[in-house]
Every structure is written in C-alpha cells, then in structure tokens.
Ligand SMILES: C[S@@+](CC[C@H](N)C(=O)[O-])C[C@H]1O[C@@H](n2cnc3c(N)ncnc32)[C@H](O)[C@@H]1O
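Here we start with a single chain on its own, the form predicted on its own, put down as structure tokens.
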C-alpha cells in the first residue's frame, strides 16, 4: 500500500506520519489517522519512565494510531520487553508497521484488533490508553486485561469537563462534582484519579499513582494497579471531598461538594526520585525541568496561585524566589508542576497570607 505522508524526527526516532497532522492543542481529526506534534512531550515522559521507572515485560499501546509512542519507547528505551502496537483502524496499522520497519524494532509488533477483544484474550503488565477525548469508555477493558500487577497509563484531553467548565459532563463521565477554582487542573486531575480508583475497585484492584500530571491540554496518569480486595479498599480510603471558598481562598479537604477525588500523593516519590531523564528527547529541557519539580513537589493538596493571593490582598505579587524563601521560613514549601506561579506549603492559609503580606 502506498501511504501518504512524511518522515519526521521526534527525539532520536524517525517516524512516518500522515501528510496532514495537528501541530498544537487537542487538535482536530482531519484525516483518518491522527498525529499531534504537541504530544511529543507526553511521549518524551513515556520514554523517560521506561528508562528507569517502569519495567514491564508485555506492553500494549491500545489505541496507537501511527504507533509513534510505541516506536519511540522501543527505539529510545532499551529493555527486555515486548510491545504490541494496536489500533482497530487498518490504515493506522499500516503507518504503525511502517514505523516498526523504519526503526528496525525487533521487540515491537502491530495488531489490528478492537481493544476490547484483544484485552479479553490477553493480559499485559503495561497498558497505554490515549484516545481522542475521554478515556473512560475504555478503562474497564484495560483493567480486565491487566496482569495481577502492572502499570496503566492513561491520557485524557477533556480537561474542561474535569476542571469545572462543564460540570454536568463531569458528573456524567466521571461520577463527580467539579468546580472552577484557581487550582482547577489539580482538582480535575484528582477527580480523574478518583474515578479510576473507583472503577478499579469494582474489579477488586487497588490503584496508586506512580506519576500523574497536567501539561498543555491534557491529564496524564501512570497508575500502579494490583489485584486484591484489600488493596482496593486501601485505595478507596484515599478518596474524599473538598471545598473551596472564593471569598477567603480557604481550601478544606475532607468536606464539601467537590469530588469525590483522590486526596493522596500524585506520585510515588521513591520511584520518581530515581528517574533519569535520558538524552535525545524532543523536549529535552522541558522534560528535565518537569522531573526536577516532580522530585521536590510536596504531597500537600492543594497548591496556591501567587496571583490568586495577590488579588485577595490587593497587593502586587512578589518574585517567585522571594516568595519561596519567605514561605520556607515558616514551613515546608515547593514549586508545583501545575503552574509556574504556583507553590505548595504545609502551613495553614492564615499563616500563608500573613507571610505573603509581609513581603509585598
């Protein structure tokens, strides 16, 4: 078959992609096979995770399109694993086969199957779901296709519904209440994790975050999944509600109408602390900076936005370094991946506002 497209380079991998591709944002599906350049950072993080954090044996990219993610992982993250690059669209599989051939990838093979059928027949200890929009319809099949323990990686681009812009859609899709707020991407991410925990619990599986983050226009989750009713119960115990008072800026965890959501850590700090960012990534410096922040970020929900506090106090916001130093003098403080002007602290809001006021 003569495929229409071009060879590009992403990271250190050559990829054959369609002639019409998306360059930014969630993108629009204009052709039959979708490829989005802006998701290069998403794929970079996957490569980095396979380098030093995720060590599976049998992997599945369930909705692979051109197979870019699987091809990059196999080419840039050597390891003793087998990678199934799957898509139900036969034309997408032709692009994926071209990329397997282009990279001479001996540990990758292409599958043209409906993921529900594939996951009913085979078990994997790494499954990646990256659909256009919400991943929720595909999660039950992925959970049923997981080995007794493994990693489930999920991308969701419907951030607006999770973050309070479309609360009705959030209730329907994620069985949770959302609300617009200054930390909306964190609350949206935690709602999504909470939904995954509840869905896994129905299969007597426990879920804990390995690395969960927000970037560009999507949420990305790497979740450790293990069999066992006890593990499912332990995960469910980390869910709860929260409230946000716009007038006072107060965040109250454990009560309120927002949620249910995950209130535990967003990552496994022990595992991420050992993560090494390999050379040759497409967004090399960005990946290095994000892993640096992830390694230091406090496990305290929810972060504060500098502009939010400045507006509340009717003051000009201070510089980031000055603010972090001042907050560090009263307790623990860290930057946050969610915002370049955000920070986390273990101190109560009253002390945060007093310190903020003292340096403005």
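Residue numbers count along the first chain shown, from 1. Computed from a prediction, not measured in an experiment: that's the story for all the values here.
Keep in mind that the form predicted together with the ligand is missing from the display, and what follows is about it.
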{"property": "Any non-hydrogen atom of residue 233 within 4.5 angstroms of the ligand in the predicted complex", "result": "no"}
{"property": "Contact label in the predicted complex: residue 186 to the ligand, heavy atom within 4.5 Å", "result": "no"}
{"property": "Partner contact for residue 60 in the predicted complex: the ligand, 4.5 angstroms, heavy atom", "result": "no"}
{"property": "Proximity of residue 116 to the ligand in the predicted complex, heavy atoms at 4.5 Å", "result": "yes"}
{"property": "Segment assignment from 279 to 287, 129 to 137, 210 to 218, 247 to 255: heavy atom within 4.5 Å of the ligand in the predicted complex", "result": "129 to 137"}
{"property": "Contact at 269, 302 and 335 by the ligand in the predicted complex, all three, heavy atom at most 4.5 Å", "result": "no"}
{"property": "Heavy atom within 4.5 Å of the ligand in the predicted complex - residue from 48, 309, 65, 327", "result": "65"}
{"property": "Position in contact with the ligand when the complex is considered in the predicted complex, options 226, 88, 97, 198, heavy atoms within 4.5 Å", "result": "88"}
